[in-house]
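Read the single chain below, which is given as C-alpha cells and is the form predicted on its own.
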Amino acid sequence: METRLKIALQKSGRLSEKSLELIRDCGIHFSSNSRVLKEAAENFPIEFLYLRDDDIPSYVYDGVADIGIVGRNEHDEQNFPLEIVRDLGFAKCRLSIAVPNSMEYEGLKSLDGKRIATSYPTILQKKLKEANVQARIYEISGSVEITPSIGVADAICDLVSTGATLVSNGLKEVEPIYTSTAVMIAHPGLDDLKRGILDRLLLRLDAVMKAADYKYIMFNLPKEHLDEVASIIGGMKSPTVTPLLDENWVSVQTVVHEQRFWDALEKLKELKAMGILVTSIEKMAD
C-alpha cells in the first residue's frame, strides 16, 4: 500500500479556501468535495483530512495527521510541541484588546484588576505577564463581544478583521497584541519516508510562494543604457539580453521583486525603455 502524507485542513472558511488554492497551484489534483471528511490526491502521495481549525493542532500532535495548515493563533494558543515548517503568509488577522466606548484606555496597565473575556487565554496571559498586568481572564468559546454589555467582563481580547462586530456591540479596538498568519505545522516524529514526501511538497510550495513575490518583465532598450539598467533591476543572476535588428537597441528580460517593481519601472522610462511587458510568474525556483 502506498505511503501517503496526511494533511489536516480546515473544512470550510477563508483559511480552507486559500489552503486548497495553494495546494492546487502546486500541481496537486483532488476533488475537494465539501461533503467528505477525507480524500486522497490523484497525482501526489498525500491524503486530506477536513477538520475544525481548532482540532488541527491536536490531530497533528497525536499523529492522526502528519502535517496541517492552521492559523498561528491556534498553534500558539494550544502550545503543542509541533514544528512550524512554513509561514504561508495568508489569512492574516490580529488579536486585539477592545473596551466599551465609554472606557478611557491608556495602555495595558488600564486593564489592571479588570475582567477580560477571550477565546485565547494562553496568548493573552503571556502578553499581560510581559506587561506586568494583573487581570482576571474569562475563557469564552464564542460571542466574546457581548460579554461587556451583559456584565461578564470589562474588556475583551479577540480576533479582529474589519472591526464591524465590535462597533455593533458598543466596543472600540484599542490595542493589537498579536498578529497571526497561516502556518504549516508538522508532527516532530515523521519517519524518513514521510519526511521525504513533505520535502517534495515544500519544494513545490516554495516555488509557488516565491513566484507570487516577483514579476517577469521584458522591454526594449537603447544599448547605451544597458549598464545602467543592470544596476537598477538586476535579475536572478543578471538580465537576459538579446540583440535586435537595430544594432543600437536590445531586448531585455529579467525578474523584479514586487516591492521594487514600480521604482524600477519609473527608472526604465527615464532610460527610454519601450514596449515594457509585465507578467505574473506561476512557479519560481532557484
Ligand code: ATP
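We number the residues from 1 along the sequence you see. Predicted model, so just to flag it, every value in this text is computed and none were measured.
What comes next is about the form predicted in complex with adenosine-5'-triphosphate, which is not displayed.
Quiz item: Does adenosine-5'-triphosphate come within 4.5 Å of any heavy atom of residue 14 in the predicted complex?
Solution: Although adenosine-5'-triphosphate is absent here, residue 14 would touch it in the predicted complex, with heavy atoms inside 4.5 Å.
Practice problem: Classify residue 166 as contacting or not contacting adenosine-5'-triphosphate in the predicted complex by the rule of any non-hydrogen atom within 4.5 angstroms, answering yes or no. | Solution: No, residue 166 stays farther than 4.5 Å from adenosine-5'-triphosphate in the predicted complex.
Quiz item: Does at least one non-hydrogen atom of residue 96 fall within 4.5 angstroms of adenosine-5'-triphosphate in the predicted complex?
Solution: It does not: once adenosine-5'-triphosphate is placed as it appears in the predicted complex, residue 96 has no heavy atom within 4.5 Å of it.
Exercise. Would you please decide whether residue 148 lies within 4.5 angstroms of adenosine-5'-triphosphate in the predicted complex, comparing each non-hydrogen atom pair?
Key: It does not: once adenosine-5'-triphosphate is placed as it appears in the predicted complex, residue 148 has no heavy atom within 4.5 Å of it.
Self-check item: Interface segment, criterion being heavy atoms within 4.5 Å of adenosine-5'-triphosphate in the predicted complex, picked from 37-45, 251-259, 222-230, 51-59
Solution: Residues of 51-59 come within 4.5 Å of the partner.
Quiz item: Can you pick the one in 160, 133, 202, 186 that has a heavy atom within 4.5 Å of adenosine-5'-triphosphate in the predicted complex?
Solution: Residue within 4.5 Å of the partner: 160.
Exercise. Pull the contact list for 79-95: residues with a heavy atom within 4.5 Å of adenosine-5'-triphosphate in the predicted complex, in sequence order.
Key: Residues within 4.5 Å: 91, 92, 93.
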